[in-house]
Ligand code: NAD
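Below you'll find only one chain, the form predicted alone, shown as C-alpha cells.
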Amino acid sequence: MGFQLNKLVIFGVGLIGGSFALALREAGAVREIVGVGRSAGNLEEALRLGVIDRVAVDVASAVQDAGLVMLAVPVGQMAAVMASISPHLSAQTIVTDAGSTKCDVVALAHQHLPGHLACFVPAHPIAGAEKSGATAASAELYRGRNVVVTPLPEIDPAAVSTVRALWETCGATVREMTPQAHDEVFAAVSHLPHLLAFALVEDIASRSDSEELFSYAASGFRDFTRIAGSSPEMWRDICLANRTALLKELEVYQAQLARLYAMLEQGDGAALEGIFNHASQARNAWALKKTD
C-alpha cells in the first residue's frame, strides 16, 4: 500500500472495528492501535486478544496525532463521538466511519466536524454477522467484500485515497456513490430484509402457541430469519436513520404483498407461478454471480 499508519484509533472495538484493526495489523499497515468504547470488559478482551495495543485513557489523548480515526459505533452514538473528538483532532488526522447509513452521518459531520470535513471520509463496509464484540473480530472478514465510500464535495482526494488503500489492504473492493444513492440502495437490499425478518419472528413469538410453532420451524425459517439475530440497538438506529428511504421501500413491498394476496384469494396459480419463476431466476442469477 506504500505507507503505514503510525496510529489507528478505533471507537467501537467490535466485529466491524475490530476486524478492520486485525486486518491492518496482519498486513503490517499500522504501528499502534488504540481502542475506545463504552464497555471496559470488551476493551479488556480486545487487548487480551491483540485486537488493540492499548485502551485509551481519555478521548483527547486517544486521538492526538492519530493517522486515522475509525468510528465503528452504532449510528445512534455517532453524534456524541464526533462532538467529543472534534476539539482534539490534528489537522492531518483522517476520520472515517463504518455506519450502515450515510446521509445522516454526513449531516452529523457537518454539524460536529465542520472544520474537519476535508479529512472526513464516510464509508460502509458491506460485511457483518450476528455475533458482536471484540471476540467476533476477524482479520478475514473483509476479504472479497464490498466497501462503499461516499466522499463529500469538500474532501481532500488524498484522504479518500488513504481510506481506499486501507480497505483494499483488508482485502475489500472499494466502490463510490453519493450518500443519497447509498441510502436508497441499502434501504432496499439490507434494511428492508432486516425489518421483515424481525417482523416475522416477532409475529411468531407473540402468539400464544409460539413454542409449538418454533418447534416445527426448520431450515427455511432459519435461513429467512437469520438476520433477526442481529443487534436490536444497531438496527433500531439504522431504521430510524434511514426511515425516509425505508418507508418508501415498505410501501413498494406492501404493494407486492397485496398482489400476492389477491392472487391467492382468486386462486390464480398461473400468476403466482409467474412471480415465483421470475423471482427464482433473478435470485439464482444473483447467487451465481456472487460465487464466481
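Numbering starts at 1 and runs along the sequence shown. As the structure is a prediction and not an experimental result, all values here were calculated from the model.
There is also a form predicted together with the ligand; it is not shown, and the following applies to it.
S.K.: Just give me the single entry in 127, 159, 89, 201 that has a non-hydrogen atom within 4.5 angstroms of the ligand in the predicted bound form.
M.R.: By the 4.5 Å criterion, the partner-contacting residue is 127.
S.K.: Which residue, 234, 56, 68, 30, has a heavy atom that falls within 4.5 Å of the ligand in the predicted bound form?
M.R.: The option sitting close enough to the partner is 234.
S.K.: In the predicted bound form, which of the stretches 78 to 86, 107 to 115, 149 to 157, 210 to 218 has residues with heavy atoms within 4.5 Å of the ligand?
M.R.: Stretch with heavy atoms near the partner: 78 to 86.
S.K.: Looking in the predicted bound form, any heavy atom of residue 99 within 4.5 Å of the ligand?
M.R.: Contact check for residue 99: yes, within 4.5 Å of the ligand in the predicted bound form.
S.K.: Does at least one non-hydrogen atom of residue 48 fall within 4.5 angstroms of the ligand in the predicted bound form?
M.R.: Output for residue 48 is no: heavy atoms all beyond 4.5 Å of the ligand.
S.K.: Though only this chain appears here, would residue 193 touch the ligand in the predicted bound form if you measure heavy atom gaps against 4.5 Å?
M.R.: Although the ligand is absent here, residue 193 would stay clear of it in the predicted bound form, with no heavy atoms inside 4.5 Å.
S.K.: Is there a heavy atom of residue 39 no more than 4.5 Å from a heavy atom of the ligand in the predicted bound form?
M.R.: Heavy-atom contact with the ligand at 4.5 Å: present for residue 39.
S.K.: Pull the contact list for 235 to 251: residues with a heavy atom within 4.5 Å of the ligand in the predicted bound form, in sequence order.
M.R.: If the 4.5 Å heavy-atom criterion is applied to the ligand in the predicted bound form, 235 to 251 yields only 238.
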